[in-house]
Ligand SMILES: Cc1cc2nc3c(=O)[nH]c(=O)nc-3n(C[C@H](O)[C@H](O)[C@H](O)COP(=O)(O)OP(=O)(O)OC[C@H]3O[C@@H](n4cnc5c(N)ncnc54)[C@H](O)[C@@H]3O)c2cc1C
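Only one chain is shown below, in structure tokens, and it's the form predicted on its own.
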């Protein structure tokens, strides 16, 4: 059986769906193919513990999607399709030993007062960083929504130079290029405040001593201060479901249980795909892969279609440490010893200090189960009470960071070296840690569901080794080096084959930006395409040289 569309999109994650929406909006006949039984990729929700208890299976914080270009352009239609968000004005807090805590509210004055009560020096540092964030948002944040390299990005940088002058821009850029330890030491006095932003770094793969690790914490902390934290009302699946509705309204198709086994090529051009059942789906104009490089090039694209040098580049693509997800159905939300109102916060980070975060990251990188991993505790029903049909509560716990492959246990307690047998005792260690900060939480558990790093990859092959962000974001594999030098603008060595997703610029996060920018690249006229390819070749040579120096 052979079918033909203008474009075929492989993978119905939110970036793949976004790319398909933009193409369909231009009148293209589009087909999206998803191997799982539902669209969404890492943006989905499921009844993981009890019937009617809706857990966000992977990601939960949807701030980036709410602030995205796709939501700005299609927000009214998405709302009509049923998409809504619940927002917390108590976005995140950190808890520490001895009942210490720090809270960030969607309220500048209240947050400043909380810092003042903890340490006047920390309050001063927080205020300084908030002012710097204002400058950063005006001058450099627009780059996050532009392809790199591009004329638009060049204009943004020129505008930034005019506003800040070269010396001011260089000074400002030092903040996001710092490690989170350097950022904390530069602006804060107490170990608690220094750990506040360092925890955000481990949401991705930035251990405290990794250069460039401060950018995401810098952005996320002050975005939460101004916007709170939003979750999709009723579950994260509301996002891909609404995107699917908009695609279908425009004549496109989104097919689930449709696994692609090969990207078909002929004479250096992608011609379509083949499914597991033997169906061939041809693409007149483009194949868009919402896949990580190793999944795409190692599994789906024939070696003969790729230059040997490019194959070597793919082999050097690096993934970050693994993640565990623990989903709990509870009688009630945790009773935190550090303060009654902590049960009202969207996120609570548990990590005593920067040194412990560094030990955790190093252990994970060395194949060791960390003795005290960082916990990101999402109190879902504190933000969206619709997630349970009764008076029960939902807790979402992301455990960072863990080894993809286990060589040992830093605590010397867990003998298992495979995740099938290590998942349960590791989850017990996590709950023991949670119990020390919220006594009684174990007794409140009605049911639990544990996804190890191996389980995450089995659910979504893009999460290689349980890496929840689809590839390391260290400097050598970020910005115009993501995923590879010279290939940061969603093209590939195979004509008419394009890529989007977290492995491409601007990386992880539910901002839908790479899907949007990829679609714009696909829609470029032939002359524009040749210009882009020429620029990519030139920049790629220069970027490779810089990347080698960074290595």
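Positions refer to the first chain, counted from 1. Note that the structure is predicted; figures quoted are calculated from it, not measured.
Below, we turn to the form predicted together with the named molecule, even though it does not appear here.
Within 4.5 Å of the named molecule in the predicted complex, a heavy atom is found for none of 45, 106 and 219.
Contact check for residue 233: every heavy atom lies farther than 4.5 Å from the named molecule in the predicted complex. The closest non-hydrogen atom of residue 24 lies beyond 4.5 Å of the named molecule in the predicted complex. The closest non-hydrogen atom of residue 356 lies beyond 4.5 Å of the named molecule in the predicted complex.
Although the partner is absent here, residue 328 sits far enough away that none of its heavy atoms falls within 4.5 Å of the named molecule in the predicted complex. With the partner omitted here, the residue from 522, 499, 70, 33 that has a non-hydrogen atom within 4.5 angstroms of the named molecule in the predicted complex is 33. Partner proximity in the predicted complex, defined as non-hydrogen atoms within 4.5 angstroms of the named molecule, places exactly one of 155-163, 285-293, 141-149, 410-418 at the interface: 285-293.
If you take 312-347 and check each residue for a heavy atom within 4.5 Å of the named molecule in the predicted complex, you get 323, 325, 347, in sequence order.
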